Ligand SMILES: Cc1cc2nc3c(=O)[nH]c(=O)nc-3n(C[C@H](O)[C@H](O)[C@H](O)COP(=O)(O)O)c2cc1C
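Just one chain follows, in the form predicted alone, and it is written as structure tokens.
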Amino acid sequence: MSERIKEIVLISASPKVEKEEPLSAYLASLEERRFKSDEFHVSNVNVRQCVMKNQTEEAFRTMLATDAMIITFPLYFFCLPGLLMRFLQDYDQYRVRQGNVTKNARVFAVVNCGFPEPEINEDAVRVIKSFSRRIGAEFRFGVLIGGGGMILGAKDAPFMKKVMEQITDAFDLMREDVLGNGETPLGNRYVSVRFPRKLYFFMGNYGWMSMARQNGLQKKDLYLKPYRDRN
């Protein structure tokens, strides 16, 4: 085992305005706790803040020198948020301008979606895998989380105990993989909230309607299709 301190970059990529802590930021904080030791130096990159504050080049320099990056984001329209897609494309261009420098970093993906089925995140993980190949990095595995909308609000509830253990176990596996320089292929980890499906969707729909009312809208407004071709 190498005695050199490993450089880790935790990339949190929720596009939400942070009036409240997004789930991606919370998951990144859990990741940081699992990697907190003398064996690692951990850097945090919040994609939205980097873009808003024009600090992307500083983040790119950190990413270029890392041993591993963990990219954590919510599923948007069954793929990556547009903000993250542009960020990763810009990083690739930055890397090319630097002379295609690569450190053969390890890449992990942590994706959460509002659907109960974690498998819905698979296409997004494949995009991160493709990005890894593009930059000369090694994709190791993804953590695919279903029912992510419940995690922040119910993370301390008894029925969520197993879910939280599965998530932290996956982060521990990342830690061991980076430390041990493992070469054995690792499969994705799937995490789902065990909750009655009908009740889950009822609560989700109620949340949408409540948010609509807060913004001066009615239930029927949620079903409008303003961009549909009327010809």
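The first residue of the sequence shown is number 1, and the count goes up from there. Predicted model only: the values in this text are computed from it and were never measured.
Only in words, not in the display: the form predicted together with this ligand, which the text now covers.
Annotated contact segment (heavy atom within 4.5 Å of this ligand in the predicted complex): 77-85, selected among 77-85, 157-165, 122-130, 91-99. Although the partner is absent from this view, Val9 stays clear of this ligand in the predicted complex, with no non-hydrogen atom inside 4.5 angstroms. Among heavy atoms of Cys113, some come within 4.5 Å of this ligand in the predicted complex. Although the partner is absent here, Gly142 is not a contact residue: none of its heavy atoms lies within 4.5 angstroms of this ligand in the predicted complex.
This ligand in the predicted complex is approached by Lys16, whose closest heavy atom lies within 4.5 angstroms of it.
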